[in-house]
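Below: one protein chain in two forms, given as structure tokens, structure 1 then structure 2.
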Structure 1
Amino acid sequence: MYPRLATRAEATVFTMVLTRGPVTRVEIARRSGLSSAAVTKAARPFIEAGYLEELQATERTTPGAGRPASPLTIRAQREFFTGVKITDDELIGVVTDLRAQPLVSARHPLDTMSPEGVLAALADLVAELLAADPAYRERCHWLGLAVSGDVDQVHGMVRYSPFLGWRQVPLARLAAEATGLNVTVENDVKSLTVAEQWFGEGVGASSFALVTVGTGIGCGLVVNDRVVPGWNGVAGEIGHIPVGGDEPECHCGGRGCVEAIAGAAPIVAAVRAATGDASLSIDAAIDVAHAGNTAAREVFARAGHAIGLGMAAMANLVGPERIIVTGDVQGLAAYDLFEEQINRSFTSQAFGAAADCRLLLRPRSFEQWARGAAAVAIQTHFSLQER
């Protein structure tokens, strides 16, 4: 079907072309430390299998120095990947190419959260997605699933997902049976982090953080070129850094958590209290603030302060090279209400050179979460299984 990644050199060369291509063999050799001969040898099986190709030569590396450099590039449609994000009321799915670019998307409402019901809906959604093009059915062998909560990625097990109400669901095995595909399962924020690491703003950074602002406040971390898994699966819980002193209480049992101040629920509660309108939704709370209500704007500024302090605490601890800020629809609709205070509080609390790290605001549609699931499948598929 495709060449196995048999050696470290093959994994290095293929991954570099996939994530940074087009790139010449000379450049690959320079970056990786491999010899030119080793690069050429490692690339050959991928060219033969149709995964890589040479672009037309455009320049000579050194004038008069023999053959011109032909950059290697990925043939992105050689293989396809399906990614699905499971939320508490719908499935969102995409088919992507080898670079995790979504080619088609679809949604499927969920009327039950039982694993059986979700799996039946999942099988329908995948069938619908793959039916969009005969090439998908033929050349898509992997399905990535993204789920909020505590996921054991190695065993494809959802250990605990509060939103879904699942405990110890062997999702990878069940989904493989339901769809006939190879399946990866990963936490949704970590999935989005993998997409940025290989195909987004994380490319070229040995360390970076992804911060998601929305119903909750989440964070994915890459350190020393790898996603931080967390012992027992807990990592990136920026929402539960206690920046508020001893207030307010948080649903997690802690106090002063970022999420207890800046999550959607406490924001709605505070805007309701400030305006005296006990029926406001989060959308309406954002509208009131956008309309200029001072008390409502202060609620968002206070939330921005908490998020900025949480980001500074994270930067002081792990020292990321970049911080990518994204979120769900509400989080991003409100972002202009947070932004100034996030930046100010981050800068005042970041320690020394940690304040120099770049903050990048990147809106991501909900399909991007499904794309993250596909990116995990791609990364798993093309990782060297070390012996």
Structure 2
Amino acid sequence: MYPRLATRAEATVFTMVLTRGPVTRVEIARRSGLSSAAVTKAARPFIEAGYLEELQATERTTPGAGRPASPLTIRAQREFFTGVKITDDELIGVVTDLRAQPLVSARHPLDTMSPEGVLAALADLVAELLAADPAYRERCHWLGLAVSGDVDQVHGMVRYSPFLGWRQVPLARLAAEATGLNVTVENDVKSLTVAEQWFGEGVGASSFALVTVGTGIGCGLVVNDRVVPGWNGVAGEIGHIPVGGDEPECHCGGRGCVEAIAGAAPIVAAVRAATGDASLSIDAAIDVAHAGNTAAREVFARAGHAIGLGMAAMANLVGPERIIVTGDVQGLAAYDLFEEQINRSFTSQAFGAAADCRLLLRPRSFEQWARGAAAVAIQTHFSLQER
């Protein structure tokens, strides 16, 4: 078992090595404000337990710089974590190391969205993933689950997931009973945000936003190095910023929301109406627009306008250093149809220096969303428990 984080110094040192290592004690002290002695004391139990190790000392090149430094690094395969992204028709799972690097992945189709059916499929998927290597079963004790919708991470409750049709499902408890693992449950966008914060494009940025484009329009926020959970678990819902006046009606009960214009279902409905082809799927709608159909392209341009306005409103309120734009498969396949209008609307609506925020397009597969669920499990496992 790993040494429980007992002090803020231990949490600071371990997290810094995990997310930024290899890093020397001197650099940790400089970045954290801890004394060198405090850094050494905090690192010792993790070295003894095999979670951290010292690399070979690097030679100093500056005269009088002191002894060569021995960087600390994570022993990434000291422990493993399982992450699963739950969609309305499929489970996507990964096993990762301590740095949330996927080592093995698997998918399991769903023939039902009932919690009971999903949990049965989840137990099968987790068993398949952990059977890939005896070390996984031996050293994997945590499962992270990523679900769209309103999620209460503290209590492991899915309060409302419109795409799954779930309300008040105690998913963490049920999944723990089904798999025998410790379980964390988080909103899928927030999970991906944690992965970017600790292991991706957000490393080194004290403030950034992650915007997802696809079935819905989501947003995760990091401000002053902390993911913004929001009161009662709701924050960053730019998909429900009203940008379209009184129309169209949104599934949330509001009107004119970004998601009611730029979500996959509204886009399909609008392209069907514009082309007169009621059989179009989202993939076919994208193909029609790519083929040059003017009416279809206008639908996607309107969607891009709505997304850009929502992003600008968020940037004006929060002032992120960068915005990472990603999405599901359909969202990214259509991104070139959105991109020009997103950038134009964002730039025109963002106030002052907010318009200088960097927009980064970073494709992320569903396996990466599952990795986000594992990253939340890692963060939960190694976060300092307040006393």
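Just so we're clear, the structure is a prediction, and the values are computed from it rather than from any experiment. Sequence positions of structure 1, starting at 1, serve as the residue numbers. Note that the rigid core is defined as the largest set of C-alphas that superpose within 1.5 Å between two forms.
Peer 1: Two forms of the same chain here; which is the form predicted in complex with a further copy of the same chain?
Peer 2: Structure 1 is the matching one, since it is the form predicted in complex with a further copy of the same chain.
Peer 1: Select the option from 273, 203, 52, 35 that falls at the hinge between the two rigid parts moving between the two structures.
Peer 2: Of 273, 203, 52, 35, the hinge residue is 203.
Peer 1: How much does the smaller rigid part turn between the two structures, counted in whole degrees?
Peer 2: Comparing the two forms, the smaller part rotates by 9 degrees relative to the larger.
Peer 1: Rigid-core fit: what Cα movement does residue 246 have between the two structures, in Å to one decimal?
Peer 2: The alpha-carbon displacement, core-superposed, is 4.1 Å.
Peer 1: Can you read me the CA shift for residue 290 between the two structures, rigid core superposed, in Å?
Peer 2: That residue's C-alpha sits 2.5 Å away in the other form.
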